[in-house]
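The form predicted alone is given below as one chain in structure tokens.
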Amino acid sequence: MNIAWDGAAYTSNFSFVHQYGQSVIELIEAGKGSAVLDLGCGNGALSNVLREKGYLVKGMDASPELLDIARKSHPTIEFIQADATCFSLAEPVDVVFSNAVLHWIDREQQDNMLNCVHDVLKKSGEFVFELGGYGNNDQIHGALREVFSAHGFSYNMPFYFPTIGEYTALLERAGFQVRFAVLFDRPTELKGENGMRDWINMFLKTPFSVVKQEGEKEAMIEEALRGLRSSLYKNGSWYSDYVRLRIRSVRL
């Protein structure tokens, strides 16, 4: 799924995405000097962390807005614009790394993405990643689903949040062996008094594309916020009810 990103707002308000991703990097076992593709690199923040750890890194993303920030912020790193479900590289890499990206890819396109990753990895190369897992943001999506229904709309879930069993089966079918997999809750504090509103506006553009009447989107978000306040607003801060799936696998 490709959307137009507000790169500046994403970088300013949602830095926790790449900050949490730094611990995913620790799963990589390849040594310094190994070639790494940062798949869905966004603004390049984690590509730069990989570079600082001694890896030979390239970043890849479909968003020109985020790649523009990445190239300006990290001019020594090569960034490639490409679709994660249809890409190739001139030379194979030792590691494909990805953080908070794969849940944006429709289930029907996951096999294509995994085949591409398999093809660009060297034999025994690592595919290390984290994505939203089963149950991710259930409270947020549930509240919005109720509001959409009340306004006469269907809520189109724009993400794919698999279980461990579901995703490891996909990996094995694509020619990977899973070495580590964990599904865990990670409630995440959002920035500012309007943190939840900003989160919805940043990440849930697709569901609201059906709302055409002026002011209705804002009214719907306000209704959802009222429903979520008792459970996700704590001590003056909004929290998202994240559940993450973290996996290390190797190419057979």
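Predicted model only: the values in this text are computed from it and were never measured. Residue numbers here begin at 1 and follow the sequence given.
This protein has a second form, the form predicted in complex with benzoic acid (BEZ), left out of what is shown; the following refers to that one.
K.L.:
Given a 4.5 Å cut-off on heavy atoms, tell me which of 219-227, 29-37, 49-57, 199-207 is the interface stretch with benzoic acid (BEZ) in the predicted complex.
P.N.:
Checking each option against the 4.5 Å cut-off leaves 199-207.
K.L.:
May I ask you to choose, among 145, 118, 103, 74, the residue with a heavy atom within 4.5 Å of benzoic acid (BEZ) in the predicted complex?
P.N.:
Exactly one listed residue reaches within 4.5 Å, namely 103.
K.L.:
Is it the case that 136, 159 and 242 all touch benzoic acid (BEZ) in the predicted complex, with a non-hydrogen atom of each within 4.5 angstroms?
P.N.:
Contact check passed for all of 136, 159 and 242.
K.L.:
Is residue 132 one of the residues lying within 4.5 Å of benzoic acid (BEZ) in the predicted complex, judged by heavy atom distances?
P.N.:
Close contact exists here: in the predicted complex, residue 132 approaches benzoic acid (BEZ) to within 4.5 Å, heavy atoms only.
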